[in-house]
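In the block that follows, a single chain appears as structure tokens, in the form predicted on its own.
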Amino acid sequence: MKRSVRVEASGQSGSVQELWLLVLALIVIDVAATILGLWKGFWWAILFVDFVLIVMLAERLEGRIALRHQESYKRVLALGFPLLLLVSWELIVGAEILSPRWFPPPSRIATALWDLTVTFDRFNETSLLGRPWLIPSRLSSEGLPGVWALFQESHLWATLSRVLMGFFLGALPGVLLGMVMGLNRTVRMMLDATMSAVYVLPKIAIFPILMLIFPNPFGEGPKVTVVAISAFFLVAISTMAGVRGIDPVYLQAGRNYGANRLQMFRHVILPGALPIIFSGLRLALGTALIVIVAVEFVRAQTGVGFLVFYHWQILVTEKMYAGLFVVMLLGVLLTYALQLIERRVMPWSE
């Protein structure tokens, strides 16, 4: 008994020694690179070595954390690493290893983001969020049309409305057609080659065609439609794969219990395909955001994509990066919202 306790204690002390050795190696490498002036020429290699050491340190630290604290540790890793990247970016630019003109530090980007949020552009009559503080007065004086005019001043609202409208208009028929293709071999054989051919077309390349089709080529119709087309193919193909990938054992069990077609679809086919359907929806949502930002680059006067491209043209790079940050934040929030819906629809996945 005493011997096993000694072995366990020595193992724990060895782990502590490994942790301190990794911390010491991290400090020594960075200090030596600073003294020898290696950062300017080899900053990317030094950061890579730092990253490897931090990963090794996090792996060994995880083994020493109690099971009840594992979830908290994962959250710290998920939030701590992006913060560490931002601090590293700030220090590298501050040391003039990277040009602050082309790679402004996060502190300047945060200031630019605040400026975009609170400053109303009198020339374009827009801002990032619009002027939501005027909603109560506009509602009382002009009613709903006045409130809608305030929403139209917002770059964020313009992008978000185009993404959500296009996503829903493309995802719903995508799910329906994918179900039909998964269940019906004839329909699948008829449409599979055509969908494969159209799917590989760059969606931004068909945007000019949509501008010719719609009566107002510069309105919202072509922008929303190109997003809907992008979402449609991803959702349809994922849904078809989800239906075809259901284990035949479940189908046979449903038949043995006497389920009719509607019951088979509701209790076997749809639940079995939902995980793949939601994977397709996540891909489609991300693609919708990418496509609308690209469209706003070339043909829009509002939207976060327009904001990024406009400040690139006038070389205000900190505001360009602020716009890119808003795009990333939108992607995270939209994905998180879709995951919440997924947990509600598929509670058994937990």
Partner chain sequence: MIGPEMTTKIVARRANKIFPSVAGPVTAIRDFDLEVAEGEFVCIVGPSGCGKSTFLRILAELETLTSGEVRILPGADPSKPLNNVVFQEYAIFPWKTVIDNVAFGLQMRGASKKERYATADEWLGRVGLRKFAHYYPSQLSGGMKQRVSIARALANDPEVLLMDEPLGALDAQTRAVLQEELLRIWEASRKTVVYITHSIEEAVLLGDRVVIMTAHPGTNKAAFEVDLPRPRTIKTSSTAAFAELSGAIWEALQDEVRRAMASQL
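Remember, it's a predicted structure, so these values are computed and weren't measured experimentally. Numbering follows the first chain given and starts at 1.
From this point on, the text means the form predicted together with the partner chain, which you will not see here.
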Taking the partner chain in the predicted bound form, would P173, G182 and V187 all count as contacting it (heavy atom within 4.5 Å)? no
If the cut-off is 4.5 angstroms on heavy atoms, which of these, R244, K74, H267, R131, is the one near the partner chain in the predicted bound form? H267
None of A259, I204, L84, I97 but one has a heavy atom within 4.5 Å of the partner chain in the predicted bound form; the exception is A259
Counting only non-hydrogen atoms, choose the one of 101-109, 247-255, 276-284, 210-218 that falls within 4.5 Å of the partner chain in the predicted bound form. 247-255
Please tell me whether any heavy atom belonging to P222 falls inside 4.5 Å of a heavy atom of the partner chain, as the geometry stands in the predicted bound form. no
Indicate whether Q263 is a 4.5 Å heavy atom neighbour of the partner chain in the predicted bound form. yes
So in the predicted bound form, is the partner chain close enough to P271 to count as touching (4.5 Å, heavy atoms)? yes
